[in-house]
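The chain below stands alone and is given as structure tokens, in the form predicted alone.
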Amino acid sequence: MEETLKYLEENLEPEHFKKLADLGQTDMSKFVAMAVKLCKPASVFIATDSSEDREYVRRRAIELGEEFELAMEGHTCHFDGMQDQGRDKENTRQLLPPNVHLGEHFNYMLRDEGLEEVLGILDGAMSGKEMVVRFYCLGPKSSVFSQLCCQITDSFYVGHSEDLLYRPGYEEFLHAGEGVEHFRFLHSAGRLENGVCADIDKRRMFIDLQDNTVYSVNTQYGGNTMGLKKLAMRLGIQKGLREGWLTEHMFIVGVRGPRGRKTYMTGAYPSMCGKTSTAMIPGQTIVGDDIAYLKKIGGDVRAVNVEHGIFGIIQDVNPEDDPGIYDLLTSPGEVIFSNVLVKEEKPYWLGMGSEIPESGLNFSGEWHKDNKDAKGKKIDPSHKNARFTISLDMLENCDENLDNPEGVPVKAMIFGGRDSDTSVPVEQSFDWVHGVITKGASLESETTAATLGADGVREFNPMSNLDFLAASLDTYLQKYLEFAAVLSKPPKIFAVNYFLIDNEGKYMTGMLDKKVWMLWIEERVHDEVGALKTPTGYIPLYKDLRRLFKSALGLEYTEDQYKQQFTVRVPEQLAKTMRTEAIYRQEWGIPEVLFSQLDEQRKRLEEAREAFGDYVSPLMLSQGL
């Protein structure tokens, strides 16, 4: 340790050496020293929780051209490179020791080989640049949920973004005592040309599970570079499964029910499946929109938002469908836009509800509506995965328990995907086990622009968490089944689907209908409304939806809409059941209860087809016809 401190003292300015040494964290100091030796920055900035250090990071992001200011006070914009607009699943790998295999759905490398490769790419990656070291806390501070973290990067855009997204952690480290377990992240944008990453072929995001460390290089897109976000989920999942709690790809909201009641729910949806818009439904409060830690405390499942901000998809945010977010994005305040179109210092994005200019500046450079990329494909004015970054406490509907060290009690868990032809808009499982298996573990979603690759491909994505697992599927499912099954009143499990399409290719449900589904879930949690039993779960009664559409949205809801939306599509459901079973049959050690639950559901569907035909309307079920 003496040698480490001596090296740091020789290579850091006295002010910054003192900031680091004051923490008294041996492992932290060694990590910073390793990063400095490896990446060879021109200088090192150690940031505390002070407003001065925070402002320095924001200012440097602008001075270095990683962001530029817009006309609205506090608004800035950042552009990623043309090939750096989404999470790179192929080059995101977990580093495992020999003889450890998580399964066919995971990208991994042998630990020694992976470290040799990524450290070799990081060697000298910060030459001529300034390194910034940031400290954060995942989850509320001074809580049983708290997880301390250190982010090292040469991107001040990343530092600025994480200042909005996460709770400060320098003071937490200062008072934690020597040897506190923490997650660590080392990122470099690498060699830049025209301000964007030049060596995309050497883009790597490697997660060293053994050492709680993430390495990321030659990328600027937030999902690949903000270590505390999805990259940190692997570390959180591993720790949670080891200790008996869950790290989940879930929002947390407080839904207002009758008589002033508020009921907290979590929801797991893959990217671009309505997750943020559900978390922001008018009339309910938001605790978080993306990642949650869940623990059993005092007989309840309680949850906290890992984050303190939103890195949200901006496409289709408009005053009609997302008034709260839209108002914030068009008002003064600290907001980072990424990969939108800018014209006369004003941002524009797809689906914003107003006319978009025919020219301007975007991630491709000077843009015109006829511009095409190298493959001859038309370039959109704003990328489909363009983002906004804000702090949650900027929102009027931010929940008062956002920073509650005890979290909030979870009464419902919701799973939702992008499904054009199979699942009904909202459905409750029969019980915890049925819900975990047929709603969570069977989740599929059609791909979108949030990850690199083709759109519209149906992908298996259990719990909307497959991309982030740091455990084999058998271990993850077994721990999930056990997690709340021992509770006398576990959270009720629901599934939602906002993307059913009719024969004319039109969505069957409106953008705001999700408010009704959430209100129905809230009333079902408290056993205040009945439900109709189908082969796959409980669905709403028509009379309750008619009442809720009228009271919540001022709309008439017809029996024809009900029949169209809530028909049991037997052939599609059977096909999904067979796809799910086939996938799990290829895995080792899957709990046998998964196959028995799928088999029971298949039998119920076949019985319904024999009695009613391939497409069973809810009215047929209710009348027993």
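Note that the coordinates shown come from a computational prediction; the quantities given were computed from them, not determined experimentally. Note that residue numbering begins at 1 and tracks the sequence as displayed.
One more form of this protein should be noted, the form predicted together with a small molecule, which is absent from this view; the next part is about it.
Of the stretches 547-555, 224-232, 95-103, 406-414, only 224-232 has residues with a heavy atom within 4.5 Å of the small molecule in the model of the complex. Checked against the small molecule in the model of the complex, the candidates 363, 145, 311, 480 yield a single residue with a heavy atom inside 4.5 Å, and that residue is 311. Checking 439, 418, 182, 249 for any heavy atom within 4.5 Å of the small molecule in the model of the complex turns up a single hit: 249.
Residue contact check for residue 204: none of its heavy atoms lie within 4.5 Å of the small molecule in the model of the complex. Put simply, residue 383 is far from the small molecule in the model of the complex: not one heavy atom of it is within 4.5 Å. Taking non-hydrogen atoms only, residue 271 approaches the small molecule to within 4.5 angstroms in the model of the complex. Remark: residue 87 counts among the residues lining the small molecule in the model of the complex, judged by a heavy atom distance of 4.5 Å or less.
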